[in-house]
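Below sits a lone chain in structure tokens, taken as the form predicted on its own.
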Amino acid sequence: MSIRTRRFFNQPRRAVQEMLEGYAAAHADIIRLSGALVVRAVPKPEGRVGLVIGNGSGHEPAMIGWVGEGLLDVNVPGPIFSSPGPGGILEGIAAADRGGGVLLLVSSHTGDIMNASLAVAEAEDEGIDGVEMVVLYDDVASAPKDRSTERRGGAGLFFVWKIVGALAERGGALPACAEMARRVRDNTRSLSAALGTVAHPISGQPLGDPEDTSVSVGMGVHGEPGTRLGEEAGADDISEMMIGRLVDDAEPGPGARVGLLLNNAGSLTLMELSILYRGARAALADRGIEVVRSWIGPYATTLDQAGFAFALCSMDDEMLDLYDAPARGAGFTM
């Protein structure tokens, strides 16, 4: 399988900065650049909780497209596939502070947790009060259930951003927002699959084996390897197997109501995604589980990876109400 190594860049090492400049200019009514930060063009009212995420680039529209009304207040973009440093995250905390405290939502990867923890400590040293950090994880392939806190953050973070974003927008206090983030996290599971690999846009080196054309289930967002499937597996087989793993892990039980996300990792067609979604719905229906909300599209990509992820979130009435609240980001609006 050939992989694309040439991209429409000027200087590869300036790609992240030039991407941010272009994206912010295209959506100037929603976001703006403040130094190296992506911030809301119109800040929240004073007294509300600010929401901050720091993440590596290369996963767009996450998280630059998730800053806006009803969503995040600040995104601190790092280099491609690398966490921003603690200094940048500290700047993001200060930019998001509207007097109601700041919630730092951290995807569970080693560098992200380390740098975020350092930034929170520095914020305390500088007298910024009311900063709380919640680490988010949902990828069932990255650790067994009895070590769930060691799991990676994955496509399931979608549900946290949307639901907690709505709660903060409505004026929810910092403890309530942090508790909701943990609650949604604990109700969410995700699992990914991909064909082949992609090339790192700076080095040009493949993240995996470019000659391997098999389907890998459980790949991470940075190309971490998964379990290979046989060539005979069709879309329905893959959807059934993946939904089965998610349900077995989450144990929602018959009659449960779930949100179902199908995330495009970069280059799958709507035809492929729709067929995979069809299989997932059937697999859930066979288990007596009701899909009450759905979303299909590119949420968190790995450049132009030919892959996808399913995420399930067991939802109660409060979560559904927050999920349905208005939101307006450059990459997500409802």
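From a predicted model like this one, the values you see are computed outputs, not experimental measurements. For every residue, the number given is its place in the sequence shown, counted from 1.
Separately, the form predicted in complex with a further copy of the same chain exists; it is not shown, and the next lines address it.
In the predicted complex, a further copy of the same chain lies farther than 4.5 Å from every heavy atom of L320.
For I238, a non-hydrogen atom is located within 4.5 Å of a further copy of the same chain in the predicted complex, even though that partner is not displayed. Interface membership of I80, defined by any non-hydrogen atom within 4.5 Å of a further copy of the same chain in the predicted complex, is confirmed. When a further copy of the same chain is considered in the predicted complex, E69 lies well away from it, no heavy atom lying within 4.5 Å.
For the marked spot (D129, A178 and P326), a heavy atom within 4.5 Å of a further copy of the same chain in the predicted complex is absent from each of the three residues.
This chain appears without its partner; in the predicted complex, the one residue of L104, A194, A250, A95 with a heavy atom within 4.5 Å of a further copy of the same chain is A194.
Although a further copy of the same chain is not shown here, in the predicted complex the stretch 19-53 places heavy atoms of M19, E21, G22, Y23, A25, A26 within 4.5 Å of it, in sequence order.
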